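The chain below stands alone and is given in structure tokens; this is the form predicted alone.
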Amino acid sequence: MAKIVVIGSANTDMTIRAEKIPAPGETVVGGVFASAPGGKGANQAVAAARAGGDVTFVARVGADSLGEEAIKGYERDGIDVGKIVRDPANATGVALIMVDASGQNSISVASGANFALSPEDVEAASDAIQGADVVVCQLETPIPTVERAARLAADAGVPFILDPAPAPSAPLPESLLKLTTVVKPNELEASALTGVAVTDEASAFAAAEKLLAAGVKLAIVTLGAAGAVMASSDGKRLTCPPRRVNAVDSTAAGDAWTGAFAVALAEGKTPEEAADFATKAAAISVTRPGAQPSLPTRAEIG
């Protein structure tokens, strides 16, 4: 079984589904509330585990009921939780999510213990990183922590996947991008990383070229319902067609994609094959509500 180490955020998602997302100063009544575990790191860990990976999750949660419930959920999905720190000084992260009738979402996050995840926490997981087939990170934890994970992965010869979400407010360190095997931004994230306004396939390829020039080996820019583009340092340029489905909730689609891609790549599939597998997983996820509840199993992905 492919060994995946996911390093990142763990949140509790509190979601209201309503006809529309409120504008500033507006109150919208009549919504339906649900609470579920989330966080990009946790979502990707669960996505990878359900897609068939042997997953270790490196994270921090609060020493509180939300953190304990989250850990129990990871254990039910077969994730190794031995590298998760219970932080007595910071609360478990919380995400407040609004989802409208079309499935679009708006999210606000209180990071809590996620921003206390340290390079030392990553060092404590170095044995898992050295034994992994793929390491995955996002940007809901401090950049120095992500950089340390990338360095440990590179030193061990383990591919490092960076999902640069949420979109960074400042350029990422060149040192981080040079350590990155695969970077997988969406349109907004690619624009923030490169300065290229990504609106279509042509501009997505232009952004991908800039990421390759920064030192990454493979740049994948996802375009939502329009699919994705892929550019590699060996000169390959490919488009990844979307799967047409009736979307209900897009909350964890990107995380479903990243987790499934990591598993397929760790299993030895080509990037093209891994992207097709990931696209199937993401397409299934948007047909169901919630973040982790929507993530598909290996049998569903096929």
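Note that residue numbering begins at 1 and tracks the sequence as displayed. All values derive from a computational prediction rather than experimental measurement.
Not pictured, yet referred to below: the form predicted in complex with ligand RIB.
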Just to confirm, with a 4.5 Å cut-off on non-hydrogen atoms, which of V109, L139, A192, A214 contacts ligand RIB in the predicted complex?
V109
Could you work out which of M98, A91, A128, A95 is the residue within 4.5 angstroms of ligand RIB in the predicted complex, going by heavy atoms?
A95
I need the one stretch from 251-259, 272-280, 26-34, 230-238 whose residues put non-hydrogen atoms within 4.5 angstroms of ligand RIB in the predicted complex.
251-259
Would G38 show up as a contact with ligand RIB in the predicted complex if we use heavy atoms at 4.5 Å?
yes
Give a yes/no on whether S285 approaches ligand RIB to within 4.5 Å in the predicted complex, heavy atoms considered.
no
